[in-house]
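Okay, so here's just one chain, in structure tokens, the form predicted alone.
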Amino acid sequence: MQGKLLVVGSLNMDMVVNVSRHPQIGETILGGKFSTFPGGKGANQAVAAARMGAEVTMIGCVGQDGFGEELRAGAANDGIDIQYVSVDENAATGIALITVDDIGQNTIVVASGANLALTPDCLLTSKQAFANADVLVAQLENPLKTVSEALTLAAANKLKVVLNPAPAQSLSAELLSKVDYFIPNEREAMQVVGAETLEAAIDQLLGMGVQNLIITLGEKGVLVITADGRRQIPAYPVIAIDTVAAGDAFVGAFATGIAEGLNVDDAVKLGNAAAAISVTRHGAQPSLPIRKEVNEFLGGQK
């Protein structure tokens, strides 16, 4: 079964410098290779899902500039329906400044630009997209009021909701109660509720109505907490060279699995495989695998 995903999210152009190590505050270091890649958490997750075989529609906003044109064209080239990706005349397309060190770890600074122009009114003119989808995927690189409206429209259309709370910010119990699958990493889980430990964060999130808590732990795998209990699903061991889109690869593949009717654990394994492949490649969207690669990767695991 082919799942139908609606992604409400950001589109950025990633500007990446490879470095031997990350600079300290006030320090200047010499970098290596410089590259630009299409990115943004929303677009990355949309592309990840499309390459996994989902039918994907995206709602977002870019500027009236070369980066915006390139991002829209790239998404369309991956088969994503971009009719709801608007062009704002008054804001520049979002960018991300990224450094990637020798072991693949990254730091990211985002200038949101046109992503902040995606308002709740934009969603009201895109209602047909909600009516046609099975699963909504959202992040927090657009205004929170827009994300909240997306979740409300998803509920009205009986969509499953996947929320990746990145970049992390405080979220209300009202908003969390509308989320079917909440996917933070360890740090984001703590930041969303202001907890000092992961265990405290888990207790608070469950107390606020989170139904299925999926915490990504990098090379340690994924902690899954559902009505069926708590378990940790291991990551697939690979040699990482660039982790910049690992989380997005996971979310896109996981959401595709859910839309196809997989159970949570199998959707997590699908996400883990996509993420494992992605970290062995450079760039955000260029690193995202197609379904055939993921199936072959899983077939080679014991």
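Nothing here was measured: the structure is a model prediction, and the numbers come from that model. Residue positions are given as counts along the sequence shown, with the first one as 1.
Only in words, not in the display: the form predicted together with a small molecule, which the text now covers.
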Heavy atom within 4.5 Å of the small molecule in the predicted complex - residue from 62, 245, 46, 255: 245
Heavy atom within 4.5 Å of the small molecule in the predicted complex: which of 108, 206, 217, 200? 108
Just checking whether residue 41 would be counted as a contact of the small molecule in the predicted complex - the rule being heavy atoms within 4.5 angstroms. yes
Would residue 96 count as touching the small molecule in the predicted complex under a 4.5 Å heavy atom rule? yes
Can you tell me if residue 294 lies within 4.5 angstroms of the small molecule in the predicted complex, counting non-hydrogen atoms only? no
Quick one: is residue 12 in contact with the small molecule in the predicted complex, heavy atoms, 4.5 Å cut-off? yes
Segment that reaches the small molecule in the predicted complex - one of 50 to 58, 255 to 263, 32 to 40, 230 to 238, heavy atoms within 4.5 Å: 32 to 40
